[in-house]
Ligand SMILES: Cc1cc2nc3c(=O)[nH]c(=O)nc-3n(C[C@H](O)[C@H](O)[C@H](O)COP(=O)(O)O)c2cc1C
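Next up: a single chain in structure tokens, the form predicted alone.
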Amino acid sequence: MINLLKRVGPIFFIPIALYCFFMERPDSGIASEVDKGLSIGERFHRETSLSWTKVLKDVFRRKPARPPAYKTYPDARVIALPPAAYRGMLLEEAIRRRRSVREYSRRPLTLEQLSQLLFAAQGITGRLFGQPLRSVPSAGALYPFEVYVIVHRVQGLEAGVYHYAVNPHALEQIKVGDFRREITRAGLEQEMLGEASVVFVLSAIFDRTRSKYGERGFRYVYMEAGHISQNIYLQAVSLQLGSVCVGAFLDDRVNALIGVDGRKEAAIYLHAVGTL
């Protein structure tokens, strides 16, 4: 419908918009009084809600330019990952066994296990009309998420911070060092963040989604974080690993750790994975 409106132009759009405006227009006094009593979260939900008026206005509202589909670190050391060829338990069994696990052994992950987890999170699984498709659903196939890996213990990898390069299925090394204490502090002293083998940081480049869906796109971004995390959970179960997602963390500290600005790109979710 939106594409049709763009083609026919404003002559047909104006009467429809006026009809929707007067049919859906709330009493301005009542609306402003309601807004005064809303919390930040309630205002977010209200401001990103849809109505026919908002849908039609959005057709001609200016949106941000779409950022590149892939983020890269040209100067980083690149570590090729093994192909994601693991075949584990039945999906139904993985769903039945899925639990949040917060205690891990000291054994490291293998590079093959890390490769499989990253593929489950954001790996390219096919193409449609030349468009690469990934392992999770994404509004408009815009894929706003970047995956960073804080490596504590992985065979063959130095401890440090890495970025998952989706297209070549590889890791880009951003920082070298032991960041167990930093991520634990950033995660409100939740000890499993320092005891896990790795911590995935899911960060979103919001304008990838906002370029098409405007402010409603923020909702789609947060939904997608859950899709990715559930894939990590189920893959970890199949690999006989433990994992837990974490939403409580100090945003500025996590953003600084992975080197993003917290505005155009920001950490949304953490996911710890460790051996049992």
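Residue positions are given as counts along the sequence shown, with the first one as 1. If you're wondering where the values come from, they're calculated on a predicted model, not measured in any experiment.
The same protein also has a form predicted in complex with this ligand, omitted here; what follows describes it.
From the list 116 to 124, 157 to 165, 144 to 152, 188 to 196, the contact stretch for this ligand in the predicted bound form under a 4.5 Å heavy atom rule is 188 to 196. In the predicted bound form, this ligand lies farther than 4.5 Å from every heavy atom of Tyr220.
Contact annotation for Leu50: none of its heavy atoms lies within 4.5 Å of this ligand in the predicted bound form. Although the partner is absent here, Val246 sits close enough that one of its heavy atoms falls within 4.5 Å of this ligand in the predicted bound form. Interface residue remark: Gln131 is not counted as part of the site for this ligand in the predicted bound form, having no heavy atom within 4.5 Å. Of the candidates Lys175, Lys71, Arg180, Arg102, Arg102 is the one whose heavy atoms come within 4.5 Å of this ligand in the predicted bound form; the others do not. In this stretch, 256 to 274, the one residue having a heavy atom within 4.5 Å of this ligand in the predicted bound form is Tyr269; the partner itself is omitted from this view.
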